[in-house]
Ligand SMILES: Cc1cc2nc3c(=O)[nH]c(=O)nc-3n(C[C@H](O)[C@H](O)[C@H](O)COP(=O)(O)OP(=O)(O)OC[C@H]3O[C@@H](n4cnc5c(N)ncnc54)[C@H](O)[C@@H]3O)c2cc1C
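Shown here is one chain on its own, the form predicted alone, set out as structure tokens.
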Amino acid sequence: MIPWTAVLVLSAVAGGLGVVLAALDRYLGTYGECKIYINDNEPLVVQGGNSVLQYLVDHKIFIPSACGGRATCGFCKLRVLEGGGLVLPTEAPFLSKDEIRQGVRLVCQVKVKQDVRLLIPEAYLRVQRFRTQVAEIADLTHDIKRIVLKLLEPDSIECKPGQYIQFEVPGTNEFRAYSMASPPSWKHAIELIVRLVPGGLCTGYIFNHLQVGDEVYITGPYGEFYLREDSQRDILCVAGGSGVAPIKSIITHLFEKGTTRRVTYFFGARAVKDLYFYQECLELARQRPNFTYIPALSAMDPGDQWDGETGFIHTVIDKKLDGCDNMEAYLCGPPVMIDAVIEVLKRKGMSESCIYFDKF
């Protein structure tokens, strides 16, 4: 396992190299008219010199990206079939050997100097940029807020339960990804659950500056973590912290559609103060005999009154789940929690192909 400090150092070095290379290229390179071929579509005609990512944004093609093109997030991966040149040192830390063999690149680092040919997943070509207005802000816990954004232009969104949007941080070129907690039936608004990250650029803005009535921009929907509706298997949902968001979307959607699939929801939190949507889940369990809710606390505060499950959520799942026959799982939360839950599920017989997860 690579230590996080090493990853941070590599990212910092890569970011520094990116700035130097970009500065040199800016003043030394002129490339004239170039074409960007995307799948089998008509090419985009551009004046060379900028990154592929920038030209895609200019033409309203929104690829996942969080860092504003500085090669520090590693999200903007696409297959570049022709014209991309060699992989740069700034990209290498984010690409596996298999990805490099397949021509995958960070397109924020691919400068257009000649005609370029790309493969872009069709789902990305349907992503839109939305002007929105903050309709509601509410505290869910001491460090988690619920945000509702009304869609102004376009005024509706088509998405799948579990997908995410990217929130544009005002005054910067940076974005942050947040799963939608609202179900797809919310055509004209979306609900977000945002946990405060100490020193975080976007959460600092949301917690300290964002007000009801403000206008902000998002892009979306994105993501392969979504409910498989063509399945009839029973469902295991597991969430930790703000990982509740996509799970809430999935569960709400299932019961809006009158599902007969058995749904079991495990939620891991540290203490009583970290529980949220607790009463709502208990009420849903009372109303729907095919829904089971099992919250667990792993580090209670002195004085917490709690007679429910305790311990890390993967140990509670290990204790409460007899088997995984005819079941599929949707997991969202910290990587260490996801990895531990996957190990438990595999040991109980669940195929990896039936485990869908979103680590953050």
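In this text, residue numbers run from 1 along the sequence as written. Here, rigid core means the biggest group of C-alpha atoms that superpose within 1.5 Å across both forms. Not measured: the values here are computed from a predicted model.
Only in words, not in the display: the form predicted in complex with the ligand, which the text now covers.
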Practice task
Just give me the single entry in C202, L151, V263, V216 that has a non-hydrogen atom within 4.5 angstroms of the ligand in the predicted bound form.
Solution key: C202
Exercise for the section: Scan A66, C324, I61, I317 and let me know which has any heavy atom within 4.5 Å of the ligand in the predicted bound form. Expected result: A66
Handout entry: 4.5 Å heavy atom contact, A177 to the ligand in the predicted bound form
Key = yes
Problem - in the predicted bound form, L125 touching the ligand (heavy atom, 4.5 Å) - result: no
Practice task
Find out whether any non-hydrogen atom of V197 is located within 4.5 angstroms of the ligand in the predicted bound form, and reply yes or no.
Solution key: yes
Practice task
Verify the contact flag for S249: yes if a non-hydrogen atom of it lies within 4.5 Å of a non-hydrogen atom of the ligand in the predicted bound form, no if not.
Solution key: no
Problem - in the predicted bound form, segment of 188 to 196, 229 to 237, 277 to 285, 80 to 88 with a heavy atom within 4.5 Å of the ligand - result: 188 to 196
Practice task
Could you list which residues of 48 to 80 come within 4.5 Å of the ligand in the predicted bound form, counting heavy atoms only?
Solution key: A66, R70, F75
Exercise for the section: Verify the C-alpha shift of L321 between this form and the one not shown: is it 2 Å or more after superposing the core? Expected result: no
Problem - Threshold 2 Å Cα movement between this form and the one not shown for C73, core superposed - result: yes
Completion exercise
Taking the shown form as reference, the Cα pair N173 and G74 shifts by 3 Å or more in the predicted bound form and sits farther
Completion exercise
One pair moves by 3 angstroms or more in the predicted bound form: the C-alpha atoms of T172 and G74, which are farther
